[in-house]
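Next comes just one chain, in structure tokens: the form predicted on its own.
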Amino acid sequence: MSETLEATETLASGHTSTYTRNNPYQSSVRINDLLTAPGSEKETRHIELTLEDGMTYTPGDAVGILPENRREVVDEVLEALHMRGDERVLDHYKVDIDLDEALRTRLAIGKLERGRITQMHKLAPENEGLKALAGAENKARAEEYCYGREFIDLLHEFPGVITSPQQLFQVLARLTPRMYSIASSQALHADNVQTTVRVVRYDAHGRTRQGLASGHLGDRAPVGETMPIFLHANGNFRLPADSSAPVIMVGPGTGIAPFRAFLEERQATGAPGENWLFFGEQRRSLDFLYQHELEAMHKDGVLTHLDTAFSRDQAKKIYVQDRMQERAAELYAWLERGAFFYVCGDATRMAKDVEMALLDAIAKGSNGTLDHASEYLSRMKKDKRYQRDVY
């Protein structure tokens, strides 16, 4: 998950953590395990981070991680700028630091955004190349240019525009924390917080790239390494107050994270409510995240239903929304019994497809129209029985 953060992180317990994005806790990596099997197209990791006494979270919350830019990328930027790194600059809070530290920990030198081009153009308004990419009228062209590129590409294409180290604070955005849904219940893990991270790696424009935080966790966060973190409450993604209420969870890929936390919480507290999980990934043998835990919960009755969809295991791709449609009658029956419905994961396609499958199940179950199903879903949203954590 990702979102705009307040200056302080107010936790569900009602306390305000002393640790925030501006004053993070220096946590130690306790576990960093690969969840996907060799041969998978994805690299998904289970991360456990230590907490200080008094740091509390609730299932549904997020952990904020403050990554650093890769050493080799920082060095490339310094080389392209013809700067050494020991030059002094003032950061966003007017703190005097050296340029090397600014590039490592303060400035977003990764994924290129259109706004960076606009800011570069302000430094060189007569530059024809930048002029052709700057401004609202060139939005489409600039977005196409930015796709798959990073700040280093911009420096190589337009050398000599940035002439002083302090100008980088005019051009570049601030390096911001990355938010990850918590995958654990503190009822079972008092002294640590856990999350599920897909490491992003790709090749574009002749260079090997990686996600900022996921790459840091994948390559530079072995057990014992320190990571600056803070906890962030998400009051809009919560288990029902009534522990006997049924719960339906749809979490393909790393969207499983908060539902692992939900299930652990319900298991630890002995909640009598039934639980139904829809999980999807590419291949059962390679990508079934937390397979043994989930199957054990199913066997023990904590998970009433465990429906899986592995898209690449057969010729015709099957997704979580297809499984929902197969189980539409029972799904609607659960809703009629007061079930809460949750979805976590990709906002662009998956969440929309899941909502359409849910509307379809409601329409079929109630012998109604899609308009009637929309009204039904609106009531669920109003009653906080339909909650999404999408990104």
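Being a predicted model, the structure only gives us computed values, none of them experimental. Numbering starts at 1 and runs along the sequence shown.
Not on display, but discussed next: the form predicted in complex with a small molecule.
Colleague: Each of R198, Q282 and G345 having a non-hydrogen atom within 4.5 Å of the small molecule in the predicted complex: is that the case here?
Modeller: Yes: each residue has a heavy atom within 4.5 Å of the partner.
Colleague: With a cut-off of 4.5 Å between heavy atoms, is K317 one of the residues that contacts the small molecule in the predicted complex?
Modeller: Within the cut-off, so yes.
Colleague: Taking the shortest heavy atom distance, is E52 within 4.5 Å of the small molecule in the predicted complex?
Modeller: So E52 does not count as contacting the small molecule.
Colleague: Please run the contact check for T254 against the small molecule in the predicted complex: heavy atoms, 4.5 angstroms, yes or no?
Modeller: Contact with the small molecule, yes.
Colleague: Although the partner isn't part of this model, could you tell me whether Q210 comes within 4.5 Å of the small molecule in the predicted complex, counting any heavy atom of the residue?
Modeller: Q210: no contact with the small molecule in the predicted complex.
Colleague: Which of these stretches, 54-62, 24-32, 360-368, 320-328, has heavy atoms within 4.5 Å of the small molecule in the predicted complex?
Modeller: Contact criterion met by 320-328 only.
Colleague: Work out which of L66, M350, L335, I47 lies within 4.5 Å of the small molecule in the predicted complex, going by heavy atoms.
Modeller: None of the others qualify; the residue that does is M350.
Colleague: If the cut-off is 4.5 angstroms on heavy atoms, which of these, S243, T226, S311, Q167, is the one near the small molecule in the predicted complex?
Modeller: Looking at the other structure, the residue within range turns out to be S311.
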